[in-house]
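To begin, one chain is listed below as structure tokens, in the form predicted alone.
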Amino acid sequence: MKVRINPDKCIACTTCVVNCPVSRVTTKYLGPRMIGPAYQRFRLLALAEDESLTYCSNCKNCEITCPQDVPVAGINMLARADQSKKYGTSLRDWVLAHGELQAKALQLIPASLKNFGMLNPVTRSILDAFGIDKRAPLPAFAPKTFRQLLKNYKQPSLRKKIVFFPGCFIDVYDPLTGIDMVWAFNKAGYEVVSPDDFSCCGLPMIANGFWEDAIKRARNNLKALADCREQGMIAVTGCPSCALMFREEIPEYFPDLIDELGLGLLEDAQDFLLQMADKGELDIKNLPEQPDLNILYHAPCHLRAQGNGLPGLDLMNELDGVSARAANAGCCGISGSYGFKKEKYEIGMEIGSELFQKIKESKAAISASECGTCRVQMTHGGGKPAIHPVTVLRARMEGKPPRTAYNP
């Protein structure tokens, strides 16, 4: 499954550099053009890797803006995989890339004890020495995972079924947003299933250099999606990074798996709900009367990289009394696990500073975004609650104020 990407499509226009959030705030990163297609020529000559490679956050802004469709971040991730194979990876990066495994290992321990053990000042100081910045907004474990809640959630008996891929953040840290998804799909006439066979999408592993682990997750998930496809079920996710992994990363990095198991696309859950509303299968107009709600919306980088619009923003603006506007402030700076790392925390905060300032200055009571780690970063830097668009949808349909904590 060795993939080599030809760098010669790059015309050195530097559009990627202008739009790179990391290059904008630090000289430690030589920039996407230099470390991507330009340096790839040296890699093909087996010359030593540049240390600057580790500062690519894989946010995909270079690929979003490249006029030649050069997979700049993809080149960087392949180079990172080669470096990991040659020289190994740090324990810190393993921990950040394998949150799902840690959650499974600790599943019998009550969430209160896990959170005390992970988030108390002594542990945070130890983690800081270990390389995870003590200032970083590590999310708290939820009392029960999404899968546990789903098993006990009473869904109505419905003829149609839809598959929901929760992703690690919703499953482990934010299961109530997953239940909001289930509620919304039930209202649209779909029973939600979420197979236990699903595992982490693998994107955190790719970003941290754990290539073989990512391949195992990809194979496992594609098999599960193939089974769902054979039953005629559509698969959706509320996480842009998970959707990106299946839509672009797996076909680009692991084409042999696609040949073997088929393309396992995940539809955008917000886009699907909008379609149901347009068809009249989800009534989002005849809602209980309630106060107007202003929301500042942040578009995750991995959502914009897919080029399918901003369905979460559109969904909220379809609701009576809701006014949601895009922040248009670039990357939030967290980039999955990037902003948790000690050497990158301040870089991440500087990247997100424009977004944080807009949140603070906004008259909006809450902010919203589809990405879980973006929401954590927005709350951390902006000081206002950040929730998922589908949580807004459920609250307005039920005539209640939206839940303003990802894990109350």
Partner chain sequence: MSRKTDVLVIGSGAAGLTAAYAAAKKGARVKLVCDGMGCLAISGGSIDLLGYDREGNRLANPYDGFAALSPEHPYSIAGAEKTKEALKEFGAALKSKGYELKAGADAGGAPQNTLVPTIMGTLKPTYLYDAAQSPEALVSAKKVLVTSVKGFRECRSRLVIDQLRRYPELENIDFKEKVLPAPFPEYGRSLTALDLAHFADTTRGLEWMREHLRGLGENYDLVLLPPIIGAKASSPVRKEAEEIMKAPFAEMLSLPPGVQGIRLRSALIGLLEDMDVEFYENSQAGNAKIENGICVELESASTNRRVIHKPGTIVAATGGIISGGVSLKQGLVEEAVFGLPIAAPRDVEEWSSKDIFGEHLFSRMGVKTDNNFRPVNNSGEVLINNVFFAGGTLGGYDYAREKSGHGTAIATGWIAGCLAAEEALNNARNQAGAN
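Residue numbers count along the first chain shown, from 1. From a predicted model like this one, the values you see are computed outputs, not experimental measurements.
Below, we refer to the form predicted together with the partner chain, which is not included among the displayed structures.
- request: Can you work out whether the partner chain is within 4.5 angstroms of a heavy atom in all three of Glu63, Asn308 and Asp314 in the model of the complex?
  value: Heavy-atom distance to the partner chain in the model of the complex: all three under 4.5 Å.
message: Quick check on this chain: which one of Asn115, Gln275, Asn220, Ser84 has a heavy atom within 4.5 Å of the partner chain in the model of the complex?
response: The residue in contact is Gln275.
Options 22 to 30, 40 to 48, 376 to 384, 340 to 348; stretch whose heavy atom lies within 4.5 Å of the partner chain in the model of the complex: Within 4.5 Å of the partner lies stretch 22 to 30.
message: Even though the partner isn't displayed, in the model of the complex is Ser125 close enough to the partner chain, meaning a heavy atom within 4.5 Å?
response: Although the partner chain is absent here, Ser125 would stay clear of it in the model of the complex, with no heavy atoms inside 4.5 Å.
query: Might Pro251 be said to contact the partner chain in the model of the complex, defining contact as any heavy atom within 4.5 Å?
result: Judged by the heavy-atom cut-off of 4.5 Å, Pro251 is in contact with the partner chain in the model of the complex.
message: Within 4.5 Å, heavy atoms only: does Ala73 come near the partner chain in the model of the complex?
response: Close contact is absent here: in the model of the complex, Ala73 is far from the partner chain, nothing within 4.5 Å, heavy atoms only.
task: Although the partner chain is absent from this view, report whether Glu361 comes within 4.5 Å of it in the model of the complex, heavy atoms only.
output: No.
task: Give, in sequence order, every residue of 316 to 337 that has a heavy atom within 4.5 Å of the partner chain in the model of the complex, or say none if there are no such residues.
output: Those in contact are Arg325, Ala326, Ala327, Asn328.
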